[in-house]
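Here's a solo chain for you in structure tokens, the form predicted alone.
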Amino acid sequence: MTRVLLMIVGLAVPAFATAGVVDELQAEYRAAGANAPSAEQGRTLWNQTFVVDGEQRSCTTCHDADLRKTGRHAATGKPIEPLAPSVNPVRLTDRGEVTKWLARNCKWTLGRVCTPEERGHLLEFIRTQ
């Protein structure tokens, strides 16, 4: 019984951590003027192609359209663990990692910093996967 309870708690903690971090960031984005986050708008942004330095890029360039799959870094080919919290429960649980990678990946993919609204849409899409 104790073992089962520990397994259940172990699975639930990342879900609570994910909700906490993402909800905190979403509140900050709304305070900065962003509209309510939309997973569907996040999906559209995720799949959108941008031209940066003459190269076509999208989030799927490294992460795949299916966030449950392992991605590959565009330049190095290094594997990137799945982003989907449903298969990788540590995703979206570390605020520092979430903000760092959103900043880096937006600059690389879009050629600029994502707006608070774009970040909100992307996070909402990722957390629903």
Partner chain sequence: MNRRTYWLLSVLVIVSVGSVFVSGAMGHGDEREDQARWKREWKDMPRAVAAVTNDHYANECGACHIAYPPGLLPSRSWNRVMAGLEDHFGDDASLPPETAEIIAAYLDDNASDRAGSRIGAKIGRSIGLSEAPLRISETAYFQRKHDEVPQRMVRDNPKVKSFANCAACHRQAESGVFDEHDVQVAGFEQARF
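Please read all numbers here as calculations on a predicted model, not as lab measurements. Numbering follows the first chain given and starts at 1.
What comes next is about the form predicted together with its partner chain, which does not appear here.
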My question is simply whether G33 lines the interface with its partner chain in the predicted complex - judged by any non-hydrogen atom within 4.5 Å. no
Using the partner position in the predicted complex, report whether W101 sits within 4.5 Å of its partner chain, counting heavy atoms only. yes
Is T49 near its partner chain? Define near as a heavy atom within 4.5 Å, in the predicted complex. no
Report whether the minimum heavy atom distance between T76 and its partner chain in the predicted complex is within 4.5 Å. yes
Interface segment, criterion being heavy atoms within 4.5 Å of its partner chain in the predicted complex, picked from 66-74, 82-90, 38-46, 25-33: 66-74
Those residues of 104-128 with a non-hydrogen atom no more than 4.5 Å from its partner chain in the predicted complex are R104, K107, W108
